[in-house]
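Below you will find one chain, with nothing else, as structure tokens; this is the form predicted alone, and questions on how it binds or moves follow later.
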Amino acid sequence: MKNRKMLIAFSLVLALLFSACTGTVPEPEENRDVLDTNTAEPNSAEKDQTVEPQDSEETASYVLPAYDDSVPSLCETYGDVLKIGAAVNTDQLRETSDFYQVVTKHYNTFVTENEMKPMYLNPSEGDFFFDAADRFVEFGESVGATLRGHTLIWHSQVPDWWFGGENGERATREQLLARMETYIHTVVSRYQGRIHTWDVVNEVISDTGNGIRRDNEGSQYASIIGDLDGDGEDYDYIEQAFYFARAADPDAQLIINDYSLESDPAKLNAFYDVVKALLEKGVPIDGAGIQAHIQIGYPVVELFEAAIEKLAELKEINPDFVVQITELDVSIFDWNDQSTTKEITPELQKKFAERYADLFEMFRRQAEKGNLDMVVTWGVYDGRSWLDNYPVEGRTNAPLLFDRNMMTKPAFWGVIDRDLSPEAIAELE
């Protein structure tokens, strides 16, 4: 670590010389993704442009464009133990943009924020639209990244016809199973061998901590499909989804994904029990995804780490079982805070940086134990985060490692080496 710090400091000095010479209990995903960000106007920082060099007297050592050559790469820093990823949208991936430089420098894993959800890929029965998904996969292949597919089966962001039957009634068991199989086969087989990991089912556990999500929490799968094998459990749709995905791509990594597992022990236990029962039946589940939309003050890292450790116990059934952090961000607002703005003081920067440093030290520790293989942030920079306007309309949040202009924050330096974040904060002051 000391050598890395010296290397970073040396590279920053070189950059200065060159300049002188040349002049949030997190809410479910259903609430965050209803906005199609593909139609959003890109932030000005993303547009094709070149940032003019600052005068040598103003050039910062730590507050730098995220793509600057002197800024260490996140994925290279953790490359010995973890894949580091981010959620993107294809409208952001112009090769001439600053955003493209940032994501290809810092991440080696990508997922689409919205474009591979059923309502976009399959808006009407029999009609599939793969243009955006194809562009995403081509981008990933062009930069040699690992790709995640998100998400195949979910109760939200599905097209209107998905659960519909004849004469305005609900779909039958046979209809819904057939639609699931057709959808999963069509999508997964199209990208066989190209998309490494799939979130096969998403947000299936009840917020009550009492088994799976049902009609009262917006999911119709259990009530329509029910208990297929007569074992008394009505979550057989999960089992079928994993079998359909395995048939479509025998080599893909198949994940069950959910939120609040890191902060709600009752929900974690319910999740664990369902996955354990499915694994004992031989269902091909390769790992668990913890979304991790957390707040600056909650949950404590010890609770988060205990969740990873508990899920890693499933290695006793499947030795290759992994845990992944799939949608990480850290709201600067507590969950019950209804305010729309918060001053980014040095004190807040310090607390935020320590939060991220604590998390990534824990992630490294769990990766070295063989429990964790991937950490994905839900977005890249504050200027394009779903946490703006949610859960409070008009809110401006700052949950990521790069600020609204894609400049490095003290939290970024804390993730690289926590000893560097105080220096970055001092520079901001």
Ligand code: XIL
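In this text, residue numbers run from 1 along the sequence as written. From a predicted model like this one, the values you see are computed outputs, not experimental measurements.
Just so you know, the form predicted in complex with the named molecule exists too; it's not on screen, but the next bit is about it.
The stretch from 186-194, 134-142, 71-79, 114-122 that comes within 4.5 Å of the named molecule in the model of the complex, counting heavy atoms only, is 114-122. Using a 4.5 Å cutoff between non-hydrogen atoms, Phe163 does not count as a contact of the named molecule in the model of the complex.
Heavy atoms of His150 reach within 4.5 Å of the named molecule in the model of the complex, making it an interface residue.
Contact between Glu262 and the named molecule in the model of the complex is not found at the 4.5 Å heavy atom cutoff.
A residue is said to contact a partner when one of its heavy atoms sits within 4.5 Å of a partner heavy atom; Gln175 fails this definition for the named molecule in the model of the complex, lying far away. Within 4.5 Å of the named molecule in the model of the complex, a heavy atom is found for all three of Trp154, Gln291 and Trp378. Shown without its partner, this chain lists Tyr67, Tyr62, Trp386, Phe360 as candidates; in the model of the complex, only Trp386 has a non-hydrogen atom within 4.5 angstroms of the named molecule. Residues of 184-213 that come within 4.5 Å of the named molecule in the model of the complex, judged by any heavy atom, are Asn202, Glu203 in sequence order.
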